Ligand code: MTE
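A lone chain, given as structure tokens: the form predicted alone.
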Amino acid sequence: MKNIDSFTHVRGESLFVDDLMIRQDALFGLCFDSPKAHGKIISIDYSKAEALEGVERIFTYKDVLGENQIGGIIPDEPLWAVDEVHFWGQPIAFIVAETEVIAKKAKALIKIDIEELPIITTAKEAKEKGSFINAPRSFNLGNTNDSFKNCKYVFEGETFSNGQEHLYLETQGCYVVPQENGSIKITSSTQGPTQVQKTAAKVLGIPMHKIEVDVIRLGGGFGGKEDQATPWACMAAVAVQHLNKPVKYMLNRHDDLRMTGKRHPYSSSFKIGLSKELRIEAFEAEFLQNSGAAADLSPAIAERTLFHATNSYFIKNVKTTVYSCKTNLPPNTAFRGFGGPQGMFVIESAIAVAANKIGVDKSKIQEANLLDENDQFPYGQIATEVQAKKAWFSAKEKFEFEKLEKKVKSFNKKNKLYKKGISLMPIAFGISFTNTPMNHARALIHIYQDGSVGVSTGAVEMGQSVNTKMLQVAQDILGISADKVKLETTNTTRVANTSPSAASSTADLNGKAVEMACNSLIERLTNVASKMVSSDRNKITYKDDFIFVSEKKSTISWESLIAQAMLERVALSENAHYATPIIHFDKSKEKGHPFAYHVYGTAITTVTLDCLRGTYEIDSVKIVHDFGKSMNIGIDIGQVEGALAQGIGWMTLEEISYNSDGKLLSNALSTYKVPDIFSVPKTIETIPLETDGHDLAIKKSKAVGEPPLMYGIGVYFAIQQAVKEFNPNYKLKFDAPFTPEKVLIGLYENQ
């Protein structure tokens, strides 16, 4: 089945928040934010702005009837600043006017005096000054101290991976409308409808049932709308509560870039010890996470870094520690991979250092340490149904790695000013929210009198085609044609208490709930059908809009069955709840079984480097990926390709830059480079790994949203190998992204 939204997408007919018809009396909001990264607010003069014709009102923390607090994990983030500002772009006030133009004019008339305070922009500086979001966390396995003493080789090093801008096509936005009896409806571009509902209720000082949040679809999210869609909806909701008029707020691109958090930059250090046989005997890593000025999701992201610090390798002795460092940047947040990529980059860098110092190919160390069945992860989970080696050796065999390697070596011998590099990148990524209570979902299914079906879930459609997969589940179980099924918007009134669409778990959790609801409906309908066709229940199936008996098509259509069920007063609506079994995690011991399953894969990347200019082309990325039993291979391969491109961007091009004053410099597409048609691989080839899938994956079709992003890490090491081929004196560095400027410096250093 193709993406069910593709037809309306390409015709420009799909609806987003900004496409909604708004009421005639609707007003427009605009945030007034801090022009400094840290300081005390001495005075603010709103008088000229308030006097401007067309300005309805300017709201501040003084207008909050509930709590001026939007922090989720830790309550450390005010909706509007009170007497201090902690990052450039922090919301201070909310202008509501008759038009956006008037609101912008009003913003320019506000005068603010801030007494500047010391500014911290890097995680290292934050650690030195003892500035943290919360206490550090560590995962331990075995005893690293004793193990290092017995290692043949021991190496240490440092890495840095920069942040990354989400750059979703649709910016943050909402449209809030007053309802009767003090209720409010929020149409939001959010991955977390319940988070918006819960936080807005707290800010407004009203119960959650007074707030309805509706999400049509998102024009991209990538984690940037998991928590950070919430403040804008809350600001508009406060205005609606006071004015009793609709308020719309869509951030422009520059405001969105300036005021929202990114992927977390990490400054990390490592120590790795190997045996003579190249087995990694011990590994230690310290991760300094640049969290920004407030917690947001940083503690959870830091945790997932620890979960993925050893990637797809088994290491008997591990000690990893992460510090969430508080700085004067916008609070950083979820981004595809959720801390996992930052952890994987460090272990891959450590292996690269070891290989270079020992004088062996990096892949030799990688191959010698791949996970086996019943190996233990540092967090206590025993690895089962492990596909690490199968993916690795399948990739080497199917893509003839030895031939590729020989071609690279031959090319490098013949060419002086162009060099090629090649790398292998294995992945192992755990699927589930690492906060166990979040692993649940519900579905509400209505079968209408004419046989058509409405499906409501907590899943938010944001370009990943989750609605298509939900339709597939319903269609398959009910045995009806796709045009009979409608996927409803994601709405907190129809499906309450949802977890956000994140963690690559959306299809699994919501799909299982749809499956349960549809199976319950079929159970009831089969009682009716068995009487209509005079047959035993166990002989009845549903297919092609008809009842089948013993695999033979009957004369009873789906519509006739539903009509009869109505006459017999059979319930044609079903609500189902699914909670992932087995998983658990004890944070007091840092041990447990947090993941339903793992996704595996291996990518082989080849690059060509122009050694005069420092520019490079990615010749090919060849992937063997563990889809399980894919229920929609077209969509899944599309996810692999999109995630890979995003990973390549993070590793090679996308350079977030703040100055020492905490001001964002990469604040436009002229100063922030994302992958374009010339930046992505000339060839991407993806082969599904042959497996039986996993029972906890919907229809045994494994999650695919986040894991492929980590294949992009392989590009970094392929480029590095090419640099080393040209300049044997190049000293390995692990400072991502590996931009052409950095490459050029590396090509000619120490010569």
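Note that residue numbering begins at 1 and tracks the sequence as displayed. The structure presented is a predicted model; accordingly, all values stated were derived computationally and were not measured.
Quick note: we don't show the form predicted in complex with this ligand, though the next part is all about it.
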Proximity to this ligand in the predicted bound form (heavy atom, within 4.5 Å), stretch among 363-371, 460-468, 516-524, 178-186: 460-468
Contact label in the predicted bound form: residue 705 to this ligand, heavy atom within 4.5 Å: yes
This ligand contact at residue 336 in the predicted bound form, heavy atom, 4.5 Å: yes
Residue 223, heavy atom within 4.5 angstroms of this ligand in the predicted bound form: yes
Residue contact check: residue 200 to this ligand in the predicted bound form, 4.5 Å heavy atom: no
Sole residue of 320, 260, 423, 639 within 4.5 Å of this ligand in the predicted bound form, by heavy atom: 639
Contact residue in the predicted bound form, chosen from 230, 268, 505, 90 - any heavy atom within 4.5 Å of this ligand: 505
Within 64-89, the residues that have a heavy atom no more than 4.5 Å from this ligand in the predicted bound form: none
